[in-house]
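In the structure tokens that follow, the same protein chain appears in two forms, which are kept apart as structure 1 and structure 2.
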Structure 1
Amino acid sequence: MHIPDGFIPISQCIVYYVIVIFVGYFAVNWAKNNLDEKQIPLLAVLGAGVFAIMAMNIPIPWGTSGHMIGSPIVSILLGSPFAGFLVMTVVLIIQALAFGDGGVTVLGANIFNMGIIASFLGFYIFKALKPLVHAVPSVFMGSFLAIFITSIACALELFIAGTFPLTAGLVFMGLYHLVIGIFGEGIISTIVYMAINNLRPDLINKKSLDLKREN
């Protein structure tokens, strides 16, 4: 889902940068007020971890493989979408500048997709569903829908940029990420959540903890 350089005209890139800087301002403030000094190294190491997770191939049916994005589960585990945003921003900056994965001018758009849309959707879908159903299915729905809707947003952005026609983009991006969203992001995030909830529940933010299991 990393959009490369040249696929979005400069004028539109600036719009995404402005949105990212706007959210970034709140994220940095959130970090100052809510993160104790202990969590700053944690965010950094999680960034490196997400980097490794992205390099890991997950088999999806019909013979292809995909990889996780990871920002929804990071937001859920740390109990704030800003955490996912910060981790993803760091990862995407390094990927763009040191690995050439995703462009520099479109960095704003990439952070907008995978950092803002994916983290916020993932976290708030989880938060909304948690009181209604069990925590585990809400982790699945949160991370699956986050990836699916992010891919739709990505197709829309490429359409607005005039690079890819709308229907073809929606069909290709949507179908591919529907499958990756279910088998990659959704199921794997659920496994990660359940396992950490059993092994080290102290690591999960209290707001996101699966309380039923504890009782």
Structure 2
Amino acid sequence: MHIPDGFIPISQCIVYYVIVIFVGYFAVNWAKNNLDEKQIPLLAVLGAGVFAIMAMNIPIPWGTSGHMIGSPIVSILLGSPFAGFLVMTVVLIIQALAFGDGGVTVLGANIFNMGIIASFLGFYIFKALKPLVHAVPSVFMGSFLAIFITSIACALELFIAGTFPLTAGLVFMGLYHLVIGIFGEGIISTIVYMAINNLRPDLINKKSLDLKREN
């Protein structure tokens, strides 16, 4: 889902950067006021895991790629979409500058997609479903829908930029991430949540998620 340099006009890139800086201001304030000594190591470990899973790319026609994201489960575990945003921002900056995975001019667009859209969708879909079903299927649906909808948003952005044909872009991005979302993002995020909930439930910000200990 990384967008390379040259795929989006500079004028549009600036818009994404402005949005990212705006959200980043609130994310930094959230981190200052909410992260404690137990959650900071968890954030670091999750960040390393996100970096690893994003390295597994599947090429998609017209120049982008399909892969898992990880920001939805980070947001769910830490109790805020700002957590997913911060992790994804750091990971994407490192990938763009050190590994050439995604471009520098389009870094704002990549953070917008994977750090903002995916994090907020995953978190709030989970929050919306939790009163209706168990936490575990809520994690799966939040993670799955977050990556799938984000891929559709990415295809639309590239169409607006004049890079992707609309129908083919939606079909390819949607189909690839439908599969990745179910068998990758959804299942792996659910396993991670269940493992941490069983072994170290104290690390999950259950107050922000309105969860009881047993859920």
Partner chain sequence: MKTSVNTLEREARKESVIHNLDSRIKLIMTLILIVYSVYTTKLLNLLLIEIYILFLVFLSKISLKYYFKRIVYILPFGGFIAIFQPFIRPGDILYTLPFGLSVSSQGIQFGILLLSRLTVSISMIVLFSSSTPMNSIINAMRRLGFPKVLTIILSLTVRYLFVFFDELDNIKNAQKSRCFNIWNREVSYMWILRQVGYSIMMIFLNSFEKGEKIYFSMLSRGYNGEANQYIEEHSIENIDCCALILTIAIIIFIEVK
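Keep in mind it's a predicted model, so treat the numbers as computed, not measured. Residue 1 is the first residue of structure 1, and the numbers go on in sequence order from there. Each form is matched to the other, and the largest set of C-alpha atoms that superpose within 1.5 Å is called the rigid core.
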request  = With both forms of the chain shown on their own, indicate which is the form predicted together with its partner chain.
outcome  = 1
request  = Inspect the rigid-core superposition and answer whether the C-alpha of A52 shifts by 2 angstroms or more between structure 1 and structure 2.
outcome  = yes
